[in-house]
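Quick heads-up: it's one chain on its own, the form predicted alone, in structure tokens.
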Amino acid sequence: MSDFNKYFKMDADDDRADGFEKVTGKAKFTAEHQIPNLAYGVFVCSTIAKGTIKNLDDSLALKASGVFDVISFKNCPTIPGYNSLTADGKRNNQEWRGLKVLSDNKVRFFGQPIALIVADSFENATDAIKLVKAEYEKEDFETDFHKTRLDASKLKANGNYKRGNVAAYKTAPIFIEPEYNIPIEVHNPMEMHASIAVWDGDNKLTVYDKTQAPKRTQSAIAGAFGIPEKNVRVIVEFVGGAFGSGLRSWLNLPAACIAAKKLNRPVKVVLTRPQMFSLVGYRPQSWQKIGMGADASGKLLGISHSAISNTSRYEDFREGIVDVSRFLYACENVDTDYKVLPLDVSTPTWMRGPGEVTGCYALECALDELAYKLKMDPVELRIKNHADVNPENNLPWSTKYLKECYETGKEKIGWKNRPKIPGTLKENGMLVGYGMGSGVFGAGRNNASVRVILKADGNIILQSAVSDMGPGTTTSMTKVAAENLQMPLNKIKFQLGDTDFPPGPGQGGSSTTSSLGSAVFLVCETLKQNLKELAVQKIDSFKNLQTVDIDVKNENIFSTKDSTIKISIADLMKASEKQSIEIVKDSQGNNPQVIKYSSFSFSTHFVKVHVHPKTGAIELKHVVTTGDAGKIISENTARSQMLGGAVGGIGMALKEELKFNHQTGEIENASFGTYHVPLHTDIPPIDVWFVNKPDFIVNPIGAKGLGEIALIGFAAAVANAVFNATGKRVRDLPITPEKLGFKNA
């Protein structure tokens, strides 16, 4: 302990609330919970992409050492929420969303779980996998996105948008029509998805699960197994990264619950790293086409944005890929079109910056291409078309400081050194390029509830059923409370990760701080009012005071008009003979004031790259990432969010690509050895800068989300910098030396 403090002690304002537990190994993640009499489940997965299981021979596996059961379509108990229709033929509102694991003999994608082996140890369960033999009746399948998308009959429309003259860009003096492709990108958090199910009789269930949304998980399990939500408790103390993969429940969760109930003992199911590539979603593959036209001065005359992304055959997944093109820049003539393409693969899901990351890659690259055609600075083109109001709905922005982000980013990256003619600047023998891209994401606010418990000694406990996948929710919420109550941070503790606490929002969509912080603010305001009223009731010197003339600060209640009238919170609790004060407050997401405005967070990313003139090897030399995210609650955790977004953007731009064998339907690179992610050596110095101006229209704490804008637009900045360095435009991610034309790289 003393050594830790010696080497890792920080000022209280810089401390991360859960930092000590994480760096010392005391933090307990889902799979690490030790439950008495625990059994271990592992999936047996299909070895075909589509078809029917004619026969599943599990006889040898059942005889294997330590094996308790092999659960499959042959013996899976009836799950109420698996039935899509009720007895009267109506749709079941509590139907389990997505694939109903272990329920039938249909195979929908390569690697689909077809059985669950349950044993006395993970090792014994794993050893028995090879003893399960499946005989299939194969069917033709489709996994080739680019081949299949050319058949229009296989696309599913998701609506379109039109404003003004949709053909305007084609008649503009200068226009472009580039196409962009992004492969599947996988979340790959360090912690793999895991679930532990513990039944108490037939009607009560405790679940330990890796989830970003404990209340959503509680609802999903209650619906699937036909029990009241109050009888399901979800616990998630720590989450080792998720990036969106934990926003919905996956097959490991119902499988653990099924097995635990069938065997009448707790069961743990942990996915393997290869299974993480196919069983917990991914950013879908996409094709995009941007039509963009401008006059000679750079004023945009038309934008057309079409996109196609894949989904699974058994479940539709859609996201807002084309939405940003409708409003980020001022343009009278805009049309967008979005379609999804069902394939014989598993279902995609939200991944950091869902939709906007994909769409802004195409939009921000297209703006760069147009700027070069106009012989205009890319930043100046954006400023020229800055939207002073939201052009989609003509509403004013709640706040918008994007121009400040442009100017600061330019200055910090050294934009003045950017070569106007691509491929003409060298530094230490390397080609040098500069690029930038913008990001935007809705500044949402959802419903949230928080309980405050004031102890007799003056310490504060806050509770809400949210989880923290890494951005520092415990830290930021503690700081919101400390600022509101004007109390030391070490007097406040925020507890989360348990659905027995008041309901909280899912951690996604850059809305947790805004939503939960509003509830923390409200419950603290209520506590202060409660303390003022208590002082008037119980303390003689306060009896003739109005509560408006009383303040709560620095652990004291005092008169704002007479400094001699004062009492500590601890003394007031003692005088009132109260052991604690407990208050629960709900914060509503539908703030009536917000509907009068367009509320978004904004970012800009500036990148300097070196490209080897002979090999085409790309090296990032400097990154500047800026954010307009309202008031920054916690500087360190906010900065870490932006750093993480930059790392993800580097992976998206230069490294990441999931590959299928279209002859078998199998993923070819489902491992860290073959699916490449950024290494430490790939990360350059990164400067982070925030506007740090509050937006009190969105919420009372002034904060807007920043988790998504940290990534949105970043890959475009890298792509644009590579073009500036080489004069070669790569529109298909990831950018590699081969795609730049360096054949012997």
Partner chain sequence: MQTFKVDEGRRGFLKKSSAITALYLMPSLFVKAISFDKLIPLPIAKEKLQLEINGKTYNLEVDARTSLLDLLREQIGLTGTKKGCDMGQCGACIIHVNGKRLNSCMSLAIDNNNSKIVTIEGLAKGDQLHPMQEAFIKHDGMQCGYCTSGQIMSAVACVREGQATSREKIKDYMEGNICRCGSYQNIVDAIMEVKKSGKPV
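Numbering follows the first chain given and starts at 1. Quick caveat: nothing in here was measured; it's all calculated off a predicted structure.
This protein has a second form, the form predicted in complex with its partner chain, left out of what is shown; the following refers to that one.
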Heavy atom distance at most 4.5 Å to its partner chain in the predicted complex, all of I48, T217 and P342: no
Contacting member of V198, I492, A172, L131, with respect to its partner chain in the predicted complex [4.5 Å, heavy atom]: L131
Option touching its partner chain, based on a heavy atom within 4.5 Å in the predicted complex, out of H305, K268, R445, K608: K268
Contact of P36 with its partner chain in the predicted complex (heavy atom, 4.5 Å): no
In the predicted complex, R273 touching its partner chain (heavy atom, 4.5 Å): yes
Contact flag, F243 vs its partner chain in the predicted complex, heavy atom cut 4.5 Å: yes
Exercise: V548 in contact with its partner chain in the predicted complex, heavy atom 4.5 Å: no
Stretch from 452 to 460, 326 to 334, 132 to 140, 415 to 423 whose residues place a heavy atom within 4.5 Å of its partner chain in the predicted complex: 132 to 140
Heavy atom contacts to its partner chain in the predicted complex at 4.5 Å, residues of 143 to 161 in sequence order: none
